[in-house]
Each structure stands twice: as C-alpha cells, then as structure tokens.
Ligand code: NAD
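Here's a solo chain for you in structure tokens, the form predicted alone.
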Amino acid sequence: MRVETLEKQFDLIVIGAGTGGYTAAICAAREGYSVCILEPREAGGTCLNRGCIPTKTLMHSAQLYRELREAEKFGISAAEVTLDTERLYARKDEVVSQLRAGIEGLLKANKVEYIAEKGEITDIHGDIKTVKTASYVLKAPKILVATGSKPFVPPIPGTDLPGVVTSDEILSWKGGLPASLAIIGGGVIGVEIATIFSDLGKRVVLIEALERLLPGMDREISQNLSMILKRRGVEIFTSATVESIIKLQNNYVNLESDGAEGENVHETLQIDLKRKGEQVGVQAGLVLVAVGRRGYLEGLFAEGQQPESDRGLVVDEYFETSVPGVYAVGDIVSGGIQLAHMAGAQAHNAVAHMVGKEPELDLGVVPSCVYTNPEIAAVGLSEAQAKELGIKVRVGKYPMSGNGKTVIQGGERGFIKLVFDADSTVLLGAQLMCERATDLVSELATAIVNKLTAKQLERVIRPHPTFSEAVSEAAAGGFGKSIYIK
C-alpha cells in the first residue's frame, strides 16, 4: 500500500536535535519563526545521550566510590563498599532521561514541531529549500544543519573485533564491566574514561600517539595529570603508535574486577604498539578507541545538493554555508571546536543573522573543560601561545596546596595560572587544574571578554574558604603582590 507524503511549510527547518539544533530551533521560534526540527534518534544529541552527560554522571558515581574506599583519612570508616554496575548505568540512564524530557518540553512550549525522522535535503538552490523524510515533504526558505558527529575509528587492523568499542558503546555498556581497559587516545575522552574506570578499581592502560596527554592544553597540566593518573595505577604509553589489535586465543578475563565468578567472560585482546623503536604488547579485556570524532554527513544531501565541505560543512562568520539560506552549527562545521557550549553559541549567532540582528556572543573566547579529578579548564591564550604570537606576558600562578578549601577536601596537587599582557596587564588567558575548575573558568572567561586587568581582578573580595579565592592570589602573584605565595 502506497503511503502518501504530506507537504508542510515552515520558516526554518532544523536538522538535528542536539545542543546546536534545539538551541537554534527555540531561538528562531522566539523570533516569530515557524520551525520544525528533525531527529531520528533521541532529543539532546551526542552531548546528552552519548557524551557529556553520561560521562559526567558515571564520573560522579566513580569518584564517590573511590572517595568512600578512601574515607578513613577523613575519619569515616566504610567497612564494605560494593559496586553495582547495573545500578551505576541505570542511574546514568535516569539522569539522561530527565534532561531529555526537559528539552522535549522546551521545544513543545516554544511550538517547535518535532519530527522523529531522518531528513534528506533534496533542493537547496531555490529561494525555498526542500527536505524529504519518510512521511513529509518539508519546505522552508532557511535550513540549519546540526547533525553533530560520530566517533572516528582509524584503519587499524583489529578495530572490528568484539570487545573493541567507541565512546558510544562504552557509555551504554550492558553487563559486567571488564577487569581491564585499554584506551587508544589520550585526549579529553580518553583521560575522562580513564579516570572513571580507574576510580572504579579497574586496571587502565592509556595510549597516546603524541608525546603527552591532552596535547592541546598547557604542558604543565598534561604533566600534572600524568603524575596523578600514574599514582592511581593508570599505565600510560605516550609517543606510541598502535599497529594492530589481536584476539588472544584461550585467554579469558573475568568481567568483574572483584574476582566474583559468573558467566560474563571476555576473550583477552592485545594491542601491539611501537614505542621509541620498540615493540610492546598491551593486554586488556576491553579496548576503547577514542581518537576523535568526525562530522556526520551521511545521507544528508541528495546528489548535487551539498554545499562546500571539507571534513564538514564550510561556513562564514555567520555560520551560513556556500548556499545562501543554508546554515550549519556544531560538530558538523569544518574546522570547528567540537564542544556543546560552542554549538549552542553558534546557534544563537546564526539565528541572529537569519533575523537581521547583530550576533551577540563572542565566539573568540571559548572555555575548554576536562572533567578529570581534579578538574581541568582553560580559556584564552596559554603562556606558550602568547609568546608564539610575540606578546610579552606576565604570569600569575597560585598552587592550590595552599588553598584552604582544597586542603579540607583532600584535593590533589593543582594550580591556577593567569596570563596577562605585560604592558596593559589585561588578562589574556587562564589555565586551571583544581577542584571546581570547570565552574571557576567562567569568571575568567568573563574577564577576558571584557578585557579586565589584573588590578580589576584583585579588587574583587572573594569569600574564604573557597576555591575561588585562589583567583585573587593568582592575579596578585603575577605582579609580586600575593599574600600566600612565598
């Protein structure tokens, strides 16, 4: 029986209901646009369903588990602390479902029509664009693409073996967790998953092709993180090239690290590495490939309808593609920063351009956060980056070992580093490795956007004892005025 497709007209069609997509849809609806949003999977996209939120939920539980096992140093005796993997992941699903329902409610409240189908853009060259789904022919003068990204799996022999997974699979794992995990990739995803599994008492091996973990961040942060992870038992191989992954016959590891007997077993995998000219074999029950993500373009455009692309869609400063009226935001943008808050900011500015307004958000100052323990955050220029640009700088650094709140909570070694223009004393950048770094960085991003000076940062009275008072000391320390730095 032939099903007749229905034609619908809108002012804007949004493809993808991740952070960039739903933000754009809501912003446009509030500007008076009629909007529909297409999403064949769950609302919320990668960040909510397969990224930021699941990772941080598992990380919170894992950190609590580690802290309970180490509670004696705080005068608390927790004689028996057990791990319930099924409940751990169920809690993650509950958090995701609650937040997803909130997004769906916001779209409904703003009268955005939600179509749970995949769309193909079949005509972008006229004043009115066309998108086809299984049930509808949709027409609008404007389209915004926010299809996000998917994990990239490099062409390494053995990546198709059972037990070799991406972040999508490991965050939705069913059954017992492996006793050991090897992670290929020492970027943000790799170090966050390493933190979770090591906190859960698993053996973790972390492999990075470049010379250090988090190669895009301040070198001191990378070095400090490596020391902390090693102290927690994580084995780290840097400057290591993965040549293959093989299955070891007749070798099994129990999926539960506590040694409990059960039916869940998994064949051991071996990763063959080349490191400093030597061959190394690393074994683990599960292998995570976390070497980055690529924009998702599959099946999105009909033949001859795709705008200019280069590992993603090429856009201008207003996020309009080479085809007028077709916009793109988020991970699908060529050369873009793959962060949820960046996608949301881009969506705000793209919609502002659509409706003839001046974009309001400064996209030149974007905080980067890593939710290890301690947390890591950075915004603006590092000292090395400023020097590469020929900028003379003054650096204020405060070690968190002298911060009262850090000592109270038994925090790891960390610091706050502020980079100032040596002449104007305007704040150029900040690097933080401390408790609540991902919250503290917003204050420093505000200072950079508004070109605040060291003196202006110092004038603020920050409460004691807090982590935030370290900002005052770092600002003063750059100019020899800190009270708590010897």
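Residue positions are given as counts along the sequence shown, with the first one as 1. Quick caveat, the model's predicted, so the values are computed rather than measured.
The same protein also exists as the form predicted together with nicotinamide-adenine-dinucleotide; that form is not shown, yet it is the one meant from here on.
Although the partner is absent here, R293 sits close enough that one of its heavy atoms falls within 4.5 Å of nicotinamide-adenine-dinucleotide in the predicted bound form. Heavy atoms of S180 never reach within 4.5 Å of nicotinamide-adenine-dinucleotide in the predicted bound form, leaving it off the interface. Taking the partner from the other structure, nicotinamide-adenine-dinucleotide in the predicted bound form has no heavy atom within 4.5 Å of any heavy atom of V204.
Proximity of R69 to nicotinamide-adenine-dinucleotide in the predicted bound form: non-hydrogen atoms within 4.5 Å are absent; the residue sits far from the partner.
Of the residues I156, L106, L83, I391, just one reaches nicotinamide-adenine-dinucleotide in the predicted bound form with a heavy atom at 4.5 Å or closer; this is I156. Here is the short version: of L229, V112, V164, I189, the single residue with a heavy atom within 4.5 Å of nicotinamide-adenine-dinucleotide in the predicted bound form is I189.
Stretch 210-218 is the answer when you ask which of 299-307, 86-94, 210-218, 314-322 has residues with heavy atoms within 4.5 Å of nicotinamide-adenine-dinucleotide in the predicted bound form.
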